[in-house]
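We begin with a single chain expressed as C-alpha cells, specifically the form predicted on its own.
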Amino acid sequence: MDPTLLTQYVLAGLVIGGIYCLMAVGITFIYSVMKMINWAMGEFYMIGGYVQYVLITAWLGPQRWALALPLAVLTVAALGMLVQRLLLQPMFAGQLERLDEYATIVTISLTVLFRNLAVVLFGPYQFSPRDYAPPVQLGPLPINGSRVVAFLGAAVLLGLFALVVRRTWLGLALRSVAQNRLGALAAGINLSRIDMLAFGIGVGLAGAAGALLAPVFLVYPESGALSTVKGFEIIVIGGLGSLPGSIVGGFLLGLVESLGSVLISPSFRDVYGFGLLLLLLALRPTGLWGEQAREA
C-alpha cells in the first residue's frame, strides 16, 4: 500500500466523518431533549441541499456561497421549529406526554411528504451547485475543495453548538431539560419553547450537512435516505443520547468507510459501517458512551 494514497484516504475519511457528525449530533440532541426519534432527519438534510442550490443558482450567485450557507441553515431551522410547533407539540400536551408512537407516525409521514414535494417542485433529477473552492494541495495530496469547505464548516458549526450548549443560559436550559424534564418544569423552564428551539437546532444541523455537501453528493429527492441511515449508525455506535459519542462515532464511521474502500473494495463502501456497528454491538451493546439506563 502506497503511504501517500493511504494518507489521502485517511484524510478523506476524516473530512466526511466531520459531516456525518452534524447529522448524528442533530439526531442525538433532539432525542436527548425531547426523548423522541426524528425519522425525518434525512429529509431536512435534503431540504438544506435544495435551499443551498436555489440560493446559489437563482438568487445569490456562486460567488456568494458563503452567504448562502447560513441562510440555508436558518431556513431549515425555521422550518423545523414550525413543524415542531404545529405537529409535534401536541405530543407533550395534557396527559399525553411522550407518545412515542405519535412522534414516529408524524416524522415518517413528513419523510413521505417532503420527498414527494421535492419531486413535484424539482422533478426526479440530480442537481449540483458549483464547487465552493478549487482543489487544495496538502503536501503531495490533492483534496477536493468542496470537501475541505464542508469539513471546516462542520467544525465551525460543532464549535458554535458546543459554545451555546456549555456557555449560555439557553444551553443550561437545554441541558436541564435533557437531564430531567419534570425537574426543569418545576424550575420554571418553558418546556414547549425549549422543545421548539431544540428541534430547530437539531434539524438545522442536518440542513447544514446537506448544504455543505450539495456540490459533493448532489441534491435530489432521495438524497436524505442514506444520510439518515448513517446518522442512526453513528448514534448507535457512539451510544444513544451521547453527544461526544456521536462525534467520535462520526469520525470512526468515515475512517472505516474510507479505509475499507481502498483496502478491500469501494463497491461495499456502505457495508463497512454496518460491519462496524454489528461488531461493536457484540462487544459493547450500549455503544461507546451509551448509558445502561435512563431515568425520566
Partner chain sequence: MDDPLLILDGLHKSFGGVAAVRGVSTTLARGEIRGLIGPNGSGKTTLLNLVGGQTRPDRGWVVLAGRSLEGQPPDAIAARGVARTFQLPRVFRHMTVLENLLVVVCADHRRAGWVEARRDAEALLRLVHLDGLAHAEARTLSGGQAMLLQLARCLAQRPLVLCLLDEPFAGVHPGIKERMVQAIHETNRAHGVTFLVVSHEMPTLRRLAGRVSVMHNGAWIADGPLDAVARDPRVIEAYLGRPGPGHGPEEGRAPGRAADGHSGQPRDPA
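This one's a predicted model, so the numbers in the text were calculated from it and none came from an experiment. Positions refer to the first chain, counted from 1.
The discussion below concerns the form predicted together with the partner chain, not included here.
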#### Entry: Stretch in contact, per heavy atom within 4.5 angstroms of the partner chain in the predicted complex, of 150-158, 81-89, 169-177, 106-114
169-177
### Task
Could you tell me which one of Ala133, Ala225, Leu74, Ile189 places a heavy atom within 4.5 Å of the partner chain in the predicted complex?
Ile189
#### Entry: 4.5 Å heavy atom contact, Ile201 and the partner chain in the predicted complex
no
### Task
Flag Leu121 as yes or no: does it have a non-hydrogen atom within 4.5 angstroms of any non-hydrogen atom of the partner chain in the predicted complex?
no
### Query
Is Met196 close enough to the partner chain in the predicted complex to count, meaning some heavy atom within 4.5 Å?
no
#### Entry: the partner chain contact at Ala162 in the predicted complex, heavy atom, 4.5 Å
no
### Query
Going by heavy atoms, what in 10-28 lies within 4.5 angstroms of the partner chain in the predicted complex?
none
